[in-house]
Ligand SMILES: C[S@@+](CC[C@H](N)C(=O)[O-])C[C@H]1O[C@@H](n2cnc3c(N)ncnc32)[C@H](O)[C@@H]1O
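Just one chain is shown here, as structure tokens, and it is the form predicted on its own.
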């Protein structure tokens, strides 16, 4: 499967500044609405306890989980003491997932590539790396860019990971990104996209969709298209990923919802309590699940 428009870029096309690779047209990227939105979100996203503001004696310095808690979902299944040559993380943020995989699962690697559009999040990632030294000894390549074109060689990555990111990427872009992921992933490599797709059958999303249609002019650009399990499988197949990883799983998350937490920024009374009380039968899980995860089975 060829990459977008048969165009390839490498890190040689980027400028390294303060430990972060920036595209040479960074000023143009910086002027986009998407970039400005995520830089703004990145300044506070899971950031109520910022590591750079913590005293040396703060418990946060000894226990990284005090920043945001331990991730759940598919990450809990990840094996202990695994070693790979290279890892690529799409939408790496400030390093929440590699922190967990390195510290709790003892995952080791020689090279880590983290790509995110938010410069503010990447600067916090470097701070977290400095404080907690996740993936010790590995080469770090932290890249501030949109992920549609990956500055990475074909068939060079052992493990591609992403957490709650694809649901925020428009449909056409996510399809291009999946093609790029397929290009850089080694045959027989591993991919893990945890809680990465919104479920189109979920009543909570359907309510949001209805409200959005009432006001088509002003819509939340972060809240995007949802998919069924079959549509996700079709996208993975079309990208070429399933050729490299024939055995894979698309499964509903264990987070369920019939009511959105907020509508147009207004909290919905008792929505959290009601959603957390849901215990759907096996036949209803694909309907009520908030989203889907997708991952190869060769861990």
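Predicted, not measured: the structure shown is a model, and the values here were computed from it. Residue numbers count along the first chain shown, from 1.
Beyond what is shown, the protein has a form predicted in complex with the named molecule; the following relates to that form.
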Taking 4.5 Å between heavy atoms as the contact cutoff, choose which of 129, 183, 96, 198 touches the named molecule in the model of the complex. 96
The single option of 190, 152, 101, 169 touching the named molecule in the model of the complex, heavy atom within 4.5 Å: 169
Taking 4.5 angstroms as the cut-off for heavy atoms, does residue 253 touch the named molecule in the model of the complex? no
Answer with yes or no whether residue 159 is in contact with the named molecule in the model of the complex, where contact means some heavy atom within 4.5 Å. no
Do residue 173 and the named molecule come within 4.5 Å of each other in the model of the complex, heavy atoms counted? yes
Would residue 34 sit within 4.5 Å of the named molecule in the model of the complex, counting heavy atoms only? yes
Since the chain is shown here on its own, which stretch among 134 to 142, 102 to 110, 117 to 125, 202 to 210 would lie within 4.5 Å of the named molecule in the model of the complex, judged by heavy atoms? 117 to 125
Taking the named molecule in the model of the complex and a 4.5 Å non-hydrogen atom cutoff, the residues of 68 to 93 making contact are 89, 91, 92, 93
